[in-house]
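Encoded as structure tokens, the following chain is the form predicted alone, with no partner shown.
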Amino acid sequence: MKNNWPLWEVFIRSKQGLHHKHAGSLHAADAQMAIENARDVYTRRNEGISIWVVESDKITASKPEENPELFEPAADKIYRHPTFYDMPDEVKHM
């Protein structure tokens, strides 16, 4: 009988980054194997300092046809986008 390992989504935090970025997907039997395989596949050149793996079937995503209800109401609330503030040069990662 053929084993059908679940699909895992891989997120890597780079040495320069403050957040994890989606790196790709892979199949693995469990979370530990997914982390080890992700290390071997996505951080071969010592790019990462942290790995997250999530089973693909555990992710819930919005549907493109729902975009108007989800995203348009925020556009009319300028206070949610403080682009009118001047940030000092000393402030990093804002």
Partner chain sequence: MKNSLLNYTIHLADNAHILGHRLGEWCGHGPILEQDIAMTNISLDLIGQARSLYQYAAEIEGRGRTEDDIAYLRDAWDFRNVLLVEQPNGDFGKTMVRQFLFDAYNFLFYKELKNSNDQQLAAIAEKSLKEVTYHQRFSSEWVIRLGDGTEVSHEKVQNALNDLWMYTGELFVMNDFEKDMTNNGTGVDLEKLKPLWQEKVDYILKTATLAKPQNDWMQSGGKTGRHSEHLGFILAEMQFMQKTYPGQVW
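Positions refer to the first chain, counted from 1. Remember, it's a predicted structure, so these values are computed and weren't measured experimentally.
Below: the form predicted in complex with its partner chain, not depicted.
4.5 angstroms heavy atom contact with its partner chain in the predicted complex for K58: No, no contact at 4.5 Å.
Its partner chain contact in the predicted complex: S50, any heavy atom under 4.5 Å: Looking in the predicted complex, residue contacts with its partner chain do not include S50, since no heavy atom lies within 4.5 Å.
4.5 angstroms heavy atom contact with its partner chain in the predicted complex for M33: Contact with its partner chain, yes.
Heavy atom of V54 within 4.5 Å of its partner chain in the predicted complex: It does not: once its partner chain is placed as it appears in the predicted complex, V54 has no heavy atom within 4.5 Å of it.
Within 4.5 Å of its partner chain in the predicted complex: residues from 37-52 (heavy atom criterion): Sequence-ordered list: N37, R39, D40, V41, R44.
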